[in-house]
Each structure stands twice: as structure tokens, then as C-alpha cells.
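What follows is one chain in C-alpha cells, specifically the form predicted alone.
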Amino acid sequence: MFPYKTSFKIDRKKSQALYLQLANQFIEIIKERKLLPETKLPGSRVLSELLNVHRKTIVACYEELSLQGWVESIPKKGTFVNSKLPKLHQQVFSIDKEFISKKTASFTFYKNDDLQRKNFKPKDGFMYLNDGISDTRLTPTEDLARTYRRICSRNLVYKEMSYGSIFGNEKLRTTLANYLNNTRGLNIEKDNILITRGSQMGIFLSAKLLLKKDDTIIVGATNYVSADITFLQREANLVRVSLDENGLLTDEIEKICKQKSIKAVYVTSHHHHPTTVTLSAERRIHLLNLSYTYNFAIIEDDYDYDFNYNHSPILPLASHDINGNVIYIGSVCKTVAPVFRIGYLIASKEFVNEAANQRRFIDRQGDALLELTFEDFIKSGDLDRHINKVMKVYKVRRDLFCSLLKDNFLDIFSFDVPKGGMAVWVKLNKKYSWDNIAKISKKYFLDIGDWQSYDKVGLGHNAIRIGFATYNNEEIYELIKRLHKTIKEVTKV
């Protein structure tokens, strides 16, 4: 006879009901073929005495097992393990553990090595270089939380908690259209806006609609890595053009257009990623004219338009677009904090409609309550006040960081002080390598990060982006101190 008394463990301190504890253990025993199909189970009174539980607990347990199909009850005969249960084929593990999480799948699926990323797990005491992210400590969390609570307390808030528009919250789209028209010289309506989960979703949707296998898209010689990977996932051909202090060389783009058909040009017009240069007004107009003449789309990724320290930002390409060639992408993630996944894709109404239809298959809709919070945040002027506040802070940090780089590493690093953004494009003297720096820096609790990603195509520029915005002044001094120790050791080798 099966040893029921010793095979079941009941924990009366668990929040899970006793009958469910027993049912789950029965299921495991049946799956392991310790109780075979057609095996008769003890009566409820007998089993309740064996396990020292109330008879009603056993009755409830059997009812649960019956509902799930593990047992069957036959009138006047009793309860039996389901006679039709097939044998479950399971991998045999040699490690004796109560629970083992399998690391490999028992089926085939498609993998792409280009998408592999290491999980980031910060270590205590380490400082980490980044490619330019905001300081989340400056996030106006109290203001946002207060607005969120106010919205949630409204009498009709329940109407916002069901399925909504695949385009995003209508109030946010209307407010955002007005805001961008006033601040960036756009001429759009809410129907030109799709609310996304950030810039990357906008890039993904644009690539899906524009590119098929062997289509051509033009990007910078150095370019935002995630955008490159997105286009390559569409099996598109990436044609790279050179950059200088004024951004993409549009004359090169024109030569390419005369030789082959292209579908799109991807450009970060403000503070090109990764080099931080800004596309000049002359080249902006040239690029727009080329897009009209050769009938290609411009994907304008304006990821940090708001952060300009020396002058007012140049208006985006989208503000001059009268022919519907520009797909304008941005987000509030950089401006406020990465955790707030609210971005936008702006284009012609027909393109936005199709992008929304595509978006619904990966993300039915956004977070309506969060979107309403940011609608209020923008409309009340809180967003502009936040931008003005952090702009002053980041400018001080930029100046300090660049000054210390110049004072301590004049013969090692070369760079231009960025006019905006949150990072510096730092070129290393060709005598040295970032690989060596990355290895030695760990001695001084400094992690250089994924420096290889800045030269995927083998240009040999020997440069990386180093963000400054996320560190306060004290942290900047400490970062430079650790970097100085690293470089001192590197130059001795």
C-alpha cells in the first residue's frame, strides 16, 4: 500500500489552503508514477485520519483534483487516479533538489547572437561608466506621485482602466501635439502621434513598416547600436556614411541615392549617437530635399532634444517637413527617468495608423494612468520646470567633467566639449587600447562597460561615450580619481 502518511507534508503556517497543498502534492506523486492510473485512493475519512486533517479538507482536495482532471470519481466505488492519463516523459536530474529550474529548453527555437546581452548586476563599491543617462535622483517623484494619486481618485477613473486606444491616451496625444508644436516648431495634430513605450519601440515599428530583406537604409559610420541591430533584424542592408563636426555628410548620401534605391535614412539630428555632434541646418535642409527627390523616409531619433547648454536647440527636421517624409521619434525617458516608458512616434496619419495596428500585436496599449499623469505633468508646466532645473545641474557637471578630463588626461584622451546631451565622445590615444583599460580598471573598482559596442564595424576610432549627467560633483571627482589610477598603470605597461 502507498505510504500516504509519510508522503505528504502539511505546513499550517503557509497562506496556501491545506486542501491545495495536498492537491499539489498529489499531482506531483501522480506525475512521478508513484500512483498509477486506475489506482484507487483512500476514502476521505480514512485519509483525513492518516494525515490528521479535517475530512472536509480531503473532500475539497479530491474535488480540486477532479476539476483538474487528475482523478475521477466513480459512484459507489470511490475515487481513482484518472485511467486516461498518459505517461509524462521527463528529464532525469542527478542533482537532488526540491526544485530545479531548467536552463535549456526541450524544443528548438531561433536565436540571434547579435541580441545577446549580459545581465547587469552592480557590485558594491564599483563605479560604472554609462553612455549618457539621466540622474534618477533628480526625478520629481513626489510631484508625479501626487498627480498619479489625484488621477486615481477621480470618480470616473475606472473608465481609464479597461482596454483603450491602441494609439495611446487621447488627452496625452492632444497635449503632446500642442506642446511639440509650441516648443519644436512642429505642425501636427493628435492623429499624427502614436504613444510608444520609448524610442526603441518607435524605431522597431518604423523598421518593420519600412524595411524588408535586402532593402537599403543609410546610417552613420558610427551609429546607435540598438538601431543598427533593429535594422539588421529586418535583413536590411546598412550603408554607412561619414560624419564630421556637422553631422552626417549629406553629399555622400546624395551620391548613394544616385547609384541605388534606398528606403530610409536614420539620423540622430541632435547630439548624434555616439559622437554627440549636431547635424547642421544646411545639411538638414539638404537631407530633406534629398528625401523628397528620391522618395525615402527619414527616421529622426531626437532622443535628447531638450539638453542644450550653449544655445537654443536647432529645430528638428520634422519641423521643416512639408512632404511627409520624416518619422519623428522621441521620449520622456531620458528627460525624466528611464523607468517611465512613455515615448512617441510622429508621422503622417496613414503611417501612424499602420504603426498602431502593428503595435497592438506586441503591446495592446500603454499604461493609461501613467499617460494621464504625464499629460498633466506637461500641461501644468511641470515638465518644462523640471527640464530647466536639471539643465543647470547637468551643465555644471559637463563643465566639471570635461575640465578634469583635460587636466588629467591631456596626452591620453582627445574630445570636444559637447554642446548638449549627457555624454562625451572620448577618443583614446592609438598607443593604448580600451581592452587593456577595461581589464586594469577593475582593480580600482571602475567598470568601463561594453566598450566593444562602439566599434562593431571595425572603424578603429578607438573611442567610447562616457556619460557625465548621472554623477554628482563628488562622484565625478571620484570617477576621475579611479580612472587616473587606471591610466597611470596602463601607461607604465
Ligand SMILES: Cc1ncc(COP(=O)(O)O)c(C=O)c1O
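In case it trips you up, residue 1 is the first one in the sequence shown, and so on. Everything quoted here is computed from the prediction, not taken from an experiment.
Keep in mind that the form predicted together with this ligand is missing from the display, and what follows is about it.
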| query | finding |
| --- | --- |
| N308, F401 and A423 each touching this ligand in the predicted bound form (heavy atom, 4.5 Å) | no |
| Partner-contacting position among Y224, F204, F296, F377 - heavy atom within 4.5 Å of this ligand in the predicted bound form | Y224 |
| This ligand: the contacting residue among Y303, F167, Y328, Y394 in the predicted bound form [heavy atom, 4.5 Å] | Y303 |
| Interface stretch in the predicted bound form with this ligand - options 263-271, 310-318, 354-362, 175-183, non-hydrogen atom within 4.5 Å | 263-271 |
| Proximity of C333 to this ligand in the predicted bound form, heavy atoms at 4.5 Å | yes |
| G198, heavy atom within 4.5 angstroms of this ligand in the predicted bound form | yes |
| Contact of R341 with this ligand in the predicted bound form (heavy atom, 4.5 Å) | yes |
